[in-house]
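Shown here is one chain on its own, the form predicted on its own, set out as structure tokens.
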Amino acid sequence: MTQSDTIMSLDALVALVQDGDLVAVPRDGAPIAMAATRALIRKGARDLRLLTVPTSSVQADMLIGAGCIARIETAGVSLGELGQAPRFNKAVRAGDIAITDTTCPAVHAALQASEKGIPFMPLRGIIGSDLTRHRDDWRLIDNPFGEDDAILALPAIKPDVSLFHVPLADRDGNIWIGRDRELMMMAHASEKTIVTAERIQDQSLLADEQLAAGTVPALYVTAVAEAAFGCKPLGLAGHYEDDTEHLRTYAAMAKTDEGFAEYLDQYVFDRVAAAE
């Protein structure tokens, strides 16, 4: 894909996500691509494997409730102060999705292995935890540089797609992530990186000394779509806050199948507005 092909519509962007893909999404607090999440639901995405880096909230809950997710690897999914993630909890109890439990350091270590092009990454801090007994893909090995010194080897995770939002991009496909450095790691580790941006400017981000250090070069970016307020109802630091009332509405409606279906009709498919 050439740089001139990088900028596209939101629907074209999510069309790059194929059913069955392993999709990595960042934690709340980093920019979450909620406009793209709703577009994925409208697209009818199915059998996705979701990797949260390392946790998630309404994004994962909404995708699971809409039937987009077959498997999730996560260190936690909740709505924070608004309580449990109702669609996630229901799906786990019903066996509608497979769940792979992990920890925050494990997710980052496995992505760093992929970023570096190596087959695994060693990690020590979770040795002795219950997780090591339930993860057949993790291996306890001897430290080759020490005696009687065990180390845990985590296989590299290479997502098919990383999906996130950024405050700014340029026409060449460079994206500005600021201090959210895990987004750089995700872009390096993934086969494809698709991004929504608050704004796309003409001037190259790499030509600006103040912005260049926080910029992911277009080499690592597959596609960018402009989406103002693309994190809503979540916030974007320095631009807008969480829409707390909307999130409360989601938490209440998503507790029941009927309420969640109504939420999708009203806020994702916009069927309610279309009928009025």
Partner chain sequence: MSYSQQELLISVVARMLGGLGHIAVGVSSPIPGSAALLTRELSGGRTRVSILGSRDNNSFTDGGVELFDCAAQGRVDAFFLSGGQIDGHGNVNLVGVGDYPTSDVRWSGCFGSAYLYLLVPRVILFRDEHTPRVLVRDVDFISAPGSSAPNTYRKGGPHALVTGKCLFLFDKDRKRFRLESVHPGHTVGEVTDATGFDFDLPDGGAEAVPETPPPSDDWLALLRGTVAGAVAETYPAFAATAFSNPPADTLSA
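Positions refer to the first chain, counted from 1. This structure is a prediction, so every number in the text was calculated from the model and none was measured.
FYI, the form predicted in complex with its partner chain isn't displayed, but the following is about it.
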property: Options 188-196, 157-165, 201-209, 128-136; stretch whose heavy atom lies within 4.5 Å of its partner chain in the model of the complex; result: 128-136
property: Close approach of R49 to its partner chain in the model of the complex, 4.5 Å, heavy atom; result: no
property: Contact of P217 with its partner chain in the model of the complex (heavy atom, 4.5 Å); result: no
property: Close approach of A237 to its partner chain in the model of the complex, 4.5 Å, heavy atom; result: yes
property: Proximity of I99 to its partner chain in the model of the complex, heavy atoms at 4.5 Å; result: yes
property: Its partner chain in the model of the complex: contacted by all of A75, V92 and D148, heavy atom 4.5 Å; result: yes
property: Residues of 105-123 having any heavy atom within 4.5 Å of its partner chain in the model of the complex, listed in sequence order; result: P105, H108, Q112, L123
